[in-house]
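Each of the two blocks below gives one form of the same protein chain as structure tokens; they are labelled structure 1 and structure 2.
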Structure 1
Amino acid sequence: MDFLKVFDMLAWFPENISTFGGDLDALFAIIYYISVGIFFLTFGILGFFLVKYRYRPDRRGYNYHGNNIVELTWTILPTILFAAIGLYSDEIWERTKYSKRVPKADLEILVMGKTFGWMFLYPGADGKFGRNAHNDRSARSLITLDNPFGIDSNDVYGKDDFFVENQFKVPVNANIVMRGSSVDVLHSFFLPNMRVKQDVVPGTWMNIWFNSFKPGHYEIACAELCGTGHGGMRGQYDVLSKTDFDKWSDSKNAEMLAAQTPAPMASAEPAVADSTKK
């Protein structure tokens, strides 16, 4: 009976796992029901007229040029309806996208799009990013293919910053704030289940935030044409319980430490090598 889902379009959404996702889906549903109503109204009238006033040899059309009151009515009513939709939408829009409404971060992550993959930079054990292209514009000149975040390896805070590729992990029930950019062309950071979509633009940083209430394993996609590999720019992410997440980030921190003790290597390369092996 999957087929019956045609009539209930809302059933086709992938499962929502984000705190604001419910609002977005509900708004969709409201507009959907309004639209279905208008659809049946207009198509009903149309069908009725087509049958009732179909051609009859013994009938004539009705010479009538329109009535201002009727026209005013069907101008004002939709205007009110539309205004209501607009104002209600705006409240949700402000909450999800306005930069001043971005909640206080429990965890801050940098995300970088690159043809054709996603990279994520975590602040590491100290919970603080070192100098990089996000917090210091001049560090943009440090960006290379091997150092996409422009990390300054001389900065003490930066020593433990680690990055992972095409996958990331976040704790459940926490405000995650991401700052996104791209090293080459436009990409769009799309987390279908999280109801997150944000283009990332080389040269600027975008605010992306979410808060998930449901642990699990989900997919990342790219929603902006970025070249031949656009369709394959797939990644995965995990929403973990607090303890699982801490375990993972501790192991990452240990890796970073291990990599640095023997010989002070440049930037965070070891972490990349590790994360891609998985």
Structure 2
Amino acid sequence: MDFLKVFDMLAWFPENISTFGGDLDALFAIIYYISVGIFFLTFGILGFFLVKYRYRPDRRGYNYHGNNIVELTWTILPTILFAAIGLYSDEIWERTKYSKRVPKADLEILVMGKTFGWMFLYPGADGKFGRNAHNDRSARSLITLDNPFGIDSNDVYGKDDFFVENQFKVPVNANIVMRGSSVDVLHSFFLPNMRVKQDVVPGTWMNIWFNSFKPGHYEIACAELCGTGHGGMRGQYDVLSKTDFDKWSDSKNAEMLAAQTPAPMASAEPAVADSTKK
């Protein structure tokens, strides 16, 4: 029966590394196997009637005006099935998607989609974002091609905020809360191994959160057709140990500090007396 595994979509899933990924996979498995069962049931019945009522020269056709019991059955049973799936999935859907269920963040990151790539903003050494387009609507006027997050350069809390593109890093076993938006068209922020897929919409910010239990190197993708370069809108992210993440974060903070520290002025050379003059 190994050949049947070829038709098992669940075996094609990327490895789950998310704390809530198992619940989502279980929900998908239930819907998948119910759909497969209905498929074979429907086409089995269709095949049976094709054979049973195939053409025969001695068979006469007759008009059939339907059966109320059969019609009620195939209306009520799917209604019950869909309602049951909805009730079963409600808890996991709320836990992963509802703003009121987003946990307290161990690390908050802003993510911005663009054609065709991803940009990420970290809060820096002080752990606080400065004024930007996410936390202050009036800062949207500051958004430019060079400043996609609308960062206010005069805000003291934003001096250490640092930016990375098409890659990000997070610590393992931590609640990561991301706020996602887009600078141009609709994109979909997709982390297959994390079981995260969230549309990001220009002009608004969507809540995204996850918690990974396994360090490693994984892929970012866009799951929404966004233009001719959609297929190449990929990136990477690393789930690191707390120690390794702190080292990386410290190095980025040091880079920001070095970039903001004025270069020392060259010291003036002392004047040399001209011995030829008296």
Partner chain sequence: MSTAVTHSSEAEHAEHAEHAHDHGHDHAHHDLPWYRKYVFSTDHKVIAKQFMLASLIFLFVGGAFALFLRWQLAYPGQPVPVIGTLLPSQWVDNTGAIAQDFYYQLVTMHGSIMIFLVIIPLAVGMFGNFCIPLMLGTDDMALPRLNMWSFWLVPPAGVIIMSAFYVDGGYAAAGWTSYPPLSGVINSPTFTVSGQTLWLIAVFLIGFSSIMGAVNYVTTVLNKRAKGMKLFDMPLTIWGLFITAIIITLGTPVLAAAIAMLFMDNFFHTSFFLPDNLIAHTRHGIEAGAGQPVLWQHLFWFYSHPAVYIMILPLMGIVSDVIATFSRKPIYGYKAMVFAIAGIAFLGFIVWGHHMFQSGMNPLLGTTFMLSTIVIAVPSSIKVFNWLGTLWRGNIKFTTAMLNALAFVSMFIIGGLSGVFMASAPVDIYIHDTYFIVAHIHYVLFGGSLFGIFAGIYYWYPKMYGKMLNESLGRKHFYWSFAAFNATFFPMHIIGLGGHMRRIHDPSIYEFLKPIEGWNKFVTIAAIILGFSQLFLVINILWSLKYGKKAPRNPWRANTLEWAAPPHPGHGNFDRDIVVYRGPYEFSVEGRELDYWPQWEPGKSISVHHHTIVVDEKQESNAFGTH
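Residue numbering: structure 1 sequence, from 1. In this text, all values refer to a predicted model and were calculated from it rather than measured experimentally. Think of the rigid core as the biggest set of C-alphas that the two forms share within 1.5 Å after superposition.
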Practice prompt. Kindly point out the structure, among the two, that is the form predicted together with the partner chain.
Written response: 1
Worksheet item: If we fit on the core, is the Cα of Arg59 displaced 2 Å or more between the two structures?
Response: yes
Worksheet item: Rigid core fitted, is the C-alpha displacement of Phe213 between the two structures 2 Å or more?
Response: no
Worksheet entry | Core-aligned C-alpha movement of Ser241 between the two structures, 2 Å or more | no
Discussion item. After superposing on the rigid core, how much does the Cα of Ile69 shift between the two structures, in Å?
Written reply: 6.4
